[in-house]
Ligand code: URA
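The form predicted alone is given below as one chain in structure tokens.
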């Protein structure tokens, strides 16, 4: 891929803006030699102001989402893109959230520009577990686990019942819920269907992947080991 297109696709600027950066001598190879707009170079060999380029396509990151941010490029107010380098919003292909966490839900959010991976994670056929911890407004009744696991719970405005889900009681008003699907506001609507209200919601796991020690508001690139954990595979 030509130099200008490579850098523009990573969101550093339009092709015109990147070409201007080349003319200014800001773009070099790893040896510090200036490059021209028509050069074809390996991604790993390019530097901008002496710094390596952002990771190439395909890129998948893990973000520890705080409350108060939406998973959107267009919503008014704070979005998860505000927690990332500004150019990440301009990458092509788009770096998109894998499913969504609503504004007040915290926890593990994956973002990727790999459409095939996004589909694999979100497809109901994958039956990839998503685990949430909920703090509730009222004490649990005691029958929620049986109702959630029945495969018969049907949410308002839905035409089909939910797949069986697992509920683990963590306290009188705290529960861990494991889903294998991802309908709109599903955990909140499930508790509403049994007469309760979710006050706080945190996603702590997707597949075998957890946040580990990643601080709230921070992100990191997924490694091959992370991908293996995600789908429950062991690396050789």
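Residue numbers count along the first chain shown, from 1. Model, not experiment: these values are computed from the prediction.
Unshown form predicted in complex with the named molecule; subsequent notes refer to it.
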*Kindly confirm or deny that 102, 105 and 187 each have some heavy atom within 4.5 angstroms of the named molecule in the predicted complex.*
yes
*Sort through 119-127, 143-151, 79-87, 93-101 and report the only stretch with a non-hydrogen atom within 4.5 Å of the named molecule in the predicted complex.*
93-101
*Answer yes if any heavy atom of residue 167 is within 4.5 Å of a heavy atom of the named molecule in the predicted complex; otherwise answer no.*
no
*residue 211 within 4.5 Å of the named molecule in the predicted complex, heavy atoms*: no
*Heavy atom to heavy atom, is residue 201 within 4.5 Å of the named molecule in the predicted complex?*
yes
*Quick one: which residues from 132-151 get a non-hydrogen atom within 4.5 Å of the named molecule in the predicted complex?*
132
